[in-house]
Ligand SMILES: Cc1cc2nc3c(=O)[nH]c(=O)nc-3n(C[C@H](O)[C@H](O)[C@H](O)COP(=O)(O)OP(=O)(O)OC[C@H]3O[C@@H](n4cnc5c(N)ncnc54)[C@H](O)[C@@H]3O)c2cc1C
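Next up is one chain by itself, shown in structure tokens, the form predicted alone.
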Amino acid sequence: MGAGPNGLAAAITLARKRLSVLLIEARDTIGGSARTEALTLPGFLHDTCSAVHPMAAVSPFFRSAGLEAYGLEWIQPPIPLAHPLDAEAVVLEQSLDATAEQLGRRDGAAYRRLMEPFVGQAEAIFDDILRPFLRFPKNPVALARFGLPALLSARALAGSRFKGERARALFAGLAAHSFLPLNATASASFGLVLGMAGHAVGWPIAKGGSGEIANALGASFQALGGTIQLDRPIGNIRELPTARATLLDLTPRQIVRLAGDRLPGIYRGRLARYRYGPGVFKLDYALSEPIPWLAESCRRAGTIHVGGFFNQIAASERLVSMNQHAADPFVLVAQPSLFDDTRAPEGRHVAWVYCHVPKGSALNMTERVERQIERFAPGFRDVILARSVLTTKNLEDRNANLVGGDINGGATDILQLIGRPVFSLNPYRTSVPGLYICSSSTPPGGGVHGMCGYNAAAAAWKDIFSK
């Protein structure tokens, strides 16, 4: 139930086992947060939520899915990530050496020492960190080496490793994807994961938009004999057809609402106490020309982190964690039409933009976001043809899993990274036999990687079908 990337991954995994699988979706299209829509003007295609996909590129599920046979094409921007600092930018290039060289002699060497062991064993590390946490790892030595710095806060790691502002700023932007204050335990893990992915596989985008990922997944599932029912909202779990296993691509709030009368009180209470994280305020732009970044490298990058120096990003993220709105927010920008001419009319462009806000925020952050972009791209407002504005409520209305605008399926602090949605050796299995959770509220959490669905399907297969 639920045809986002995780629901689709679970359905494909079970259909590969030659099981009869029905996939039910409340909306009139599949994809969840991997959708592409004409939100502004005719001919301009915007990714509603997810846009850039390093985690799909490292995912064991996606690596084995063969989605290219169903039309999925990945595009690698020349530079995965640029982080402007006034008139220049620090960049994360796929080459570890090229990235280290522009950080200066000392910090470049420190960055290489930090990242090189992880990049060299990236496949093994990702194979472990994209699985349930409370299990013995396949590659314990590599994972232990990764885990020591990953448990640090981003501030502690950046402060101990780097002396210059360029390296610290680059790491701050990576770590801020955690939605945590940068002094929070394990906030460094997000910076390490995304940096490692950038060097190992890049930060690709899907040609035609993220909706093409969902389309390829759907086509793969149907080719395996699976059935998809669209536009079928479910009010109670009892409305579902009888099945040996039911997998829910839903967050705890939806599960309690739909299945609460079947869940034992203790387990239901644990789900009800599940914590959601901050939300996002989302903007999509139709542009007359590319964003006029001052730094030339920003014009060749797929993703831009806009927020300035480490302390500036840390200050904005700290305010969000305190349920306040930053005057100068950390802003994420993707500019896919620079590399994919299917996304906008000839000579025109699109931009995908969001910032972090308190969960459930109704504040329109457009002015603050555009002022931040103008700081590094003077004249940005002059190239805007149209904009789409999505508040946290708008996002939740489009996808009920985005509770309060939370795109990660729940808070990502250390306790909830490990105990997601509850502390369990098998977090996908609920207290009801045959009922499983396969959403981003289970390990490994948010991102388009399909591993929550894959892992849940593997658990269901082991429990029910392999005997």
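Computed from a predicted model, the values in this text were never measured in an experiment. Numbers for residues come from their place in the sequence shown, where the first is 1.
Not on display, but discussed next: the form predicted together with the named molecule.
Undergrad: May I ask you to check whether residue 26 falls inside a 4.5 Å heavy atom distance of the named molecule in the predicted bound form?
TA: Judged by the heavy-atom cut-off of 4.5 Å, residue 26 is in contact with the named molecule in the predicted bound form.
Undergrad: Give a yes or no for residue 193: in the predicted bound form, does one of its heavy atoms lie within 4.5 Å of a heavy atom belonging to the named molecule?
TA: No, residue 193 sits far enough from the named molecule in the predicted bound form that none of its heavy atoms falls within 4.5 Å.
Undergrad: Considering non-hydrogen atoms and a 4.5 Å limit, does the named molecule approach residue 280 in the predicted bound form?
TA: Because a heavy atom of residue 280 falls inside 4.5 Å of the named molecule in the predicted bound form, the answer is yes.
Undergrad: Using 4.5 Å between non-hydrogen atoms, is residue 1 touching the named molecule in the predicted bound form?
TA: It does: once the named molecule is placed as it appears in the predicted bound form, residue 1 has a heavy atom within 4.5 Å of it.
Undergrad: Exactly one of 401, 412, 59, 36 has a non-hydrogen atom within 4.5 Å of the named molecule in the predicted bound form; which residue is it?
TA: It is 401.
Undergrad: So which of 354, 126, 285, 162 reaches within 4.5 angstroms of the named molecule in the predicted bound form, heavy atom to heavy atom?
TA: Of the candidates 354, 126, 285, 162, 354 is the one lying within 4.5 Å of the named molecule in the predicted bound form.
Undergrad: Given that the partner is absent here, state which listed stretch (379-387, 251-259, 92-100, 107-115) has heavy atoms within 4.5 Å of the named molecule in the predicted bound form.
TA: Stretch 251-259 is the one.
Undergrad: Judged by heavy atoms and a 4.5 Å cut-off, are 153, 307 and 316 together in contact with the named molecule in the predicted bound form?
TA: Not one of the three qualifies.
Undergrad: Does any residue in 4-18 get within 4.5 Å of the named molecule in the predicted bound form, counting heavy atoms only, and if so which ones?
TA: Read in sequence order, the residues that approach the named molecule (within 4.5 Å, in the predicted bound form) are 4, 5, 6, 7.
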